[in-house]
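Have a look below at one chain only, the form predicted alone, in structure tokens format.
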């Protein structure tokens, strides 16, 4: 069985809000001193793939990402955790792609790998939170896609997927090949790589593919050909104030609070 996990490297979402900045003219976030990490839901997908690899001998796991050379660090972490192969799709034509373009690039990578039995994505990226790439890539690959999956079990020639549903969980039976977008659960929290494995990952090869390698015409990826375009990006201004309610006792403070809320038309 061949499992492909698509991951994305993003700005660390745990940085303090005061340190988060954007470039309005370029309509993108400014890295500054912020670190880069694998998108959290993509880590859940990677962990789920690693668990399946351990349970089923002979399974091969490939991690794929699209980005610049900095994204190599995300792939090296995947190697340290147990990925057998990693692929970086890097080309100036890929800069600023929308979800549709990203899905097309990732699908071409998977096809160039010879296909996959199971393709895993995070339920949504930790930066834009669109949650579209997994389903769109599955459409490009002409395979079914199950969303919000938190557990996967092989069942003979098929597969059973446990997904979050309204008011509970859904258990879905399917056949390979298929794709799944993975959500977080206690059972798929990413493991920590060992220092030795991180060092060994530095010496492992990374496959790099350009638009030409993937048979993609850069003209098809130009901004004019994209389905979505960012018109404006900014950090909203937020103001806050605090007013203390005085009173001799709790009852008086409560009366004054209710009166103030009515004045503000909040009651």
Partner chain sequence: MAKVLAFALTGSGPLPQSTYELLGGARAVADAAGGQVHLAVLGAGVAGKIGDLAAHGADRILVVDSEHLAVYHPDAYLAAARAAAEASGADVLLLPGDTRGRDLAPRLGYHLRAGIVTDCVALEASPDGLRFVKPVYGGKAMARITVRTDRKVAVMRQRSLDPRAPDPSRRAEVLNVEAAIDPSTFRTQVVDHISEETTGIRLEDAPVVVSGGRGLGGPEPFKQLEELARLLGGAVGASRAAVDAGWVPPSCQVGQTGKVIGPDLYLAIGISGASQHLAGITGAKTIVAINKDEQAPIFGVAHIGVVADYREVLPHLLEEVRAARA
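Heads up, when I say rigid core I mean the largest set of C-alphas that superpose within 1.5 Å between the two forms. Since we're looking at a predicted model, the values are computed, not measured. Numbering follows the first chain given and starts at 1.
The same protein also has a form predicted together with its partner chain, omitted here; what follows describes it.
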Quick one: which of 82 to 90, 191 to 199, 158 to 166, 114 to 122 gets within 4.5 Å of its partner chain in the model of the complex, going by heavy atoms? 158 to 166
Assert contact residue (its partner chain, in the model of the complex, non-hydrogen atom within 4.5 Å, options 219, 36, 26, 235) equals 235
Counting only non-hydrogen atoms and a 4.5 angstroms cut-off, does residue 41 reach its partner chain in the model of the complex? yes
In the model of the complex, is there a heavy atom of its partner chain that lies within 4.5 Å of any heavy atom of residue 139, even though the partner is absent here? yes
With the partner left out here, check for me: in the model of the complex, does some heavy atom of residue 54 sit within 4.5 Å of its partner chain? no
Is it the case that residue 69, even though its partner is missing from this view, gets within 4.5 Å of its partner chain in the model of the complex, heavy atoms only? no
Is any part of 132 to 164 within 4.5 angstroms of its partner chain in the model of the complex by a non-hydrogen atom, and which residues would that be? 132, 135, 136, 139, 140, 142, 143, 144, 145, 146, 147, 148, 150, 160, 163, 164
I want to check residue 12: does it shift between this form and the one not shown by 2 Å or more at the Cα, with the core superposed? no
